[in-house]
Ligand SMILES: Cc1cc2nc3c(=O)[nH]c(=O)nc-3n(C[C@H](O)[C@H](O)[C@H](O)COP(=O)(O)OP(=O)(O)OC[C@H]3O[C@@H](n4cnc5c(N)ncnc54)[C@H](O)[C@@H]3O)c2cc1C
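As a starting point, one isolated chain is supplied in structure tokens, in the form predicted alone.
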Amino acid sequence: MILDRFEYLRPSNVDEVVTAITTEDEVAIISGGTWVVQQMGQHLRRPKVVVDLSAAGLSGVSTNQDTISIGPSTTYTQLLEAGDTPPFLRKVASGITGGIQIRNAGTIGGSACFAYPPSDAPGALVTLNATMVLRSGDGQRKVAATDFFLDALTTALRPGEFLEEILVPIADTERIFSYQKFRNVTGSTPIVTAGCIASEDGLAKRVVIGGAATTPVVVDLAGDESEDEIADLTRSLISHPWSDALANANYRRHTAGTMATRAVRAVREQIEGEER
């Protein structure tokens, strides 16, 4: 139950969003509200102003020349139903923790901005080489997903800014891919996720690990490494491991190596299957 008083604003367009969040008071921006509202109910956040983006026209998926545009208020259900959703992201959305309730309410942008390390969105967006379009009263600026996630629960968003759009290169959505997720039980928060999309030359040269560190970990490969080499390299790159009640840092680091090899193996097997 939320006992604290706050002003609730539901802007109907982007300009109204800019006006609503340009204040000296503490502002909480919600889209689906699955993270922030929970924190408010637990009295972990006490914003003076809550800005709801659900009516601001910031949902939907469309193709624009060489990119796919995704509105931050797009729910996981909408991602599954939209024809232009990248296949990789459709795979991610189909396995979101929480079942149909979270798929219907949770949004890709809300999850990205909350930046909870084990959630699917951060690692998935880095895997897709997404660009985050941020908006404020000063205009737009673009930040690569790899630079957007700064720490656990911390992003590159500045005061007075909000996520206006997510851009994904079409070239990275048409290749063979794998998305692997390890969790203790079905329906629980992931321990580690691993995403891999084949490179332009048809090799598995990049795998992105989520959940093992405070931010997604990018593992760059030559393409011919053994599985043991992939696992060892992945574990060596986790310099800021994530630990919580579900799994400690050592367990996540070890699991990350295993999941990276699984993701790369799955891509390699698909490539070999196409070559036969």
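All residue numbers are counted from 1 along the displayed sequence. Being a predicted model, the structure only gives us computed values, none of them experimental.
The same protein also exists as the form predicted in complex with the named molecule; that form is not shown, yet it is the one meant from here on.
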Check each of Leu79, Ile96, Val168, Ile191 and return the one that places a heavy atom within 4.5 angstroms of the named molecule in the predicted complex. Ile96
Residues Ser31, Val36 and Pro72 all lining the named molecule in the predicted complex, heavy atom within 4.5 Å: yes
Within 4.5 Å, heavy atoms only, one stretch in 138-146, 168-176, 200-208, 105-113 touches the named molecule in the predicted complex. Which? 105-113
So in the predicted complex, does any heavy atom of Phe88 sit within 4.5 Å of the named molecule? no
Proximity of Arg45 to the named molecule in the predicted complex, heavy atoms at 4.5 Å: yes
Does at least one non-hydrogen atom of Leu163 fall within 4.5 angstroms of the named molecule in the predicted complex? yes
How about Thr131 - does it come within 4.5 Å of the named molecule in the predicted complex, if we only consider non-hydrogen atoms? no
The named molecule in the predicted complex - contacting residues of 116-139, heavy atom within 4.5 Å: Ser119, Asp120, Ala121
